[in-house]
Ligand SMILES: NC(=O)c1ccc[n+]([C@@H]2O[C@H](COP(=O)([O-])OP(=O)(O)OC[C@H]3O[C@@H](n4cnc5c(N)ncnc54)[C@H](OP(=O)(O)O)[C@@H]3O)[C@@H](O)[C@H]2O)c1
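For reference, the chain that follows is the form predicted on its own, supplied as structure tokens.
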Amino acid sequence: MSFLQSLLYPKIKVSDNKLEDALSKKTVLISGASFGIGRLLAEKIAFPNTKVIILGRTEEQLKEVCQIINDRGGSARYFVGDLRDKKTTKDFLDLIKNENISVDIFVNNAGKSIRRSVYESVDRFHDFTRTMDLNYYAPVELVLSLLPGLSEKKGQIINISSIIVLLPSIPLWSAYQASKGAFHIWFKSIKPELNLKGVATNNIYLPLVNTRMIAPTKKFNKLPTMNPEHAMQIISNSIVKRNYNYKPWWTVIIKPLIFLFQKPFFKATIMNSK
């Protein structure tokens, strides 16, 4: 880790013993667990008294994760599917209902990012439908279906969001920012109701994390991104401390600067995309 990265992302270390205690006799559902942050979290919580259910699109990777968890004494199962497909969500929720599975903690981690000029999306309406389907509609449907059980067990919903929803609207990110912002607003709106029922609600606003999601944009290789292991520790901390929310400390500095210098910032952002 570079000095700049250590400055931007101060180290967070969560006690394995405290995490295991917090997850004792709990069932955790993690979406987007084939790779990256979701996979790291799934492997992290491979405790004997914890059940882990992982969702993802890549069966080979999901099998591997489950094998690792089971070998470590945990209990894991997987479900393969693309949450952009409504049938996938329905089939999974039918499985939950038919097998009477009760989820204690839902980690909404699956997401799709698109960085593209609106002029390049003129013939790509699917850029917007796909991001909305995965970043908004699917997690809303999952939360609504899981809510009765979560309320009964005073469970927890951890939303893996992005700092982009905290910032002014930024060029090139229209599809992604709109879809993440939609769930952000919806989740904030229902939060008081859920909290009154004893359901903990956590927002984890991550910066760019060095995962497969940002790999297509080569320009990001030069930026001080967050390590996925660090992101996993942040989520683990929210499990141990149910009232814990996260955003990088420097967002309070960046936000007013973007407002103040938005014209040159937006112009530079657009020009730098070429």
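Just so it is clear, the model here is predicted, and its values are computed rather than measured. For every residue, the number given is its place in the sequence shown, counted from 1.
The form predicted together with this ligand exists for this protein as well; it is not shown, and the discussion that follows is about that form.
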Next on the checklist: Which residue, Val209, Ala46, Met232, Ile53, is the contact with this ligand in the model of the complex, using a 4.5 Å heavy atom cutoff?
Outcome noted: Val209
Checklist entry - Considering this ligand in the model of the complex, which of Leu172, Ala200, Ala110, Val165 comes within 4.5 Å of it through any heavy atom? => result Ala110
Next on the checklist: Partner absent here, but in the model of the complex, which of 176 to 184, 69 to 77, 115 to 123, 141 to 149 has residues with a heavy atom within 4.5 Å of this ligand?
Outcome noted: 176 to 184
Checklist entry - Applying a 4.5 Å heavy atom distance criterion, does Asp91 contact this ligand in the model of the complex? => result no
Next on the checklist: So, Val240 and this ligand: in the model of the complex, are they within 4.5 Å at any heavy atom pair?
Outcome noted: no
Item to check | Tyr244: touches this ligand in the model of the complex, heavy atom cutoff 4.5 angstroms | outcome: no
Item to check | Residue contact check: Pro248 to this ligand in the model of the complex, 4.5 Å heavy atom | outcome: no
Checklist entry - What are the residues of 132 to 167, in order along the chain, with a heavy atom within 4.5 Å of this ligand in the model of the complex? => result Leu134, Ile160, Ser161, Ser162
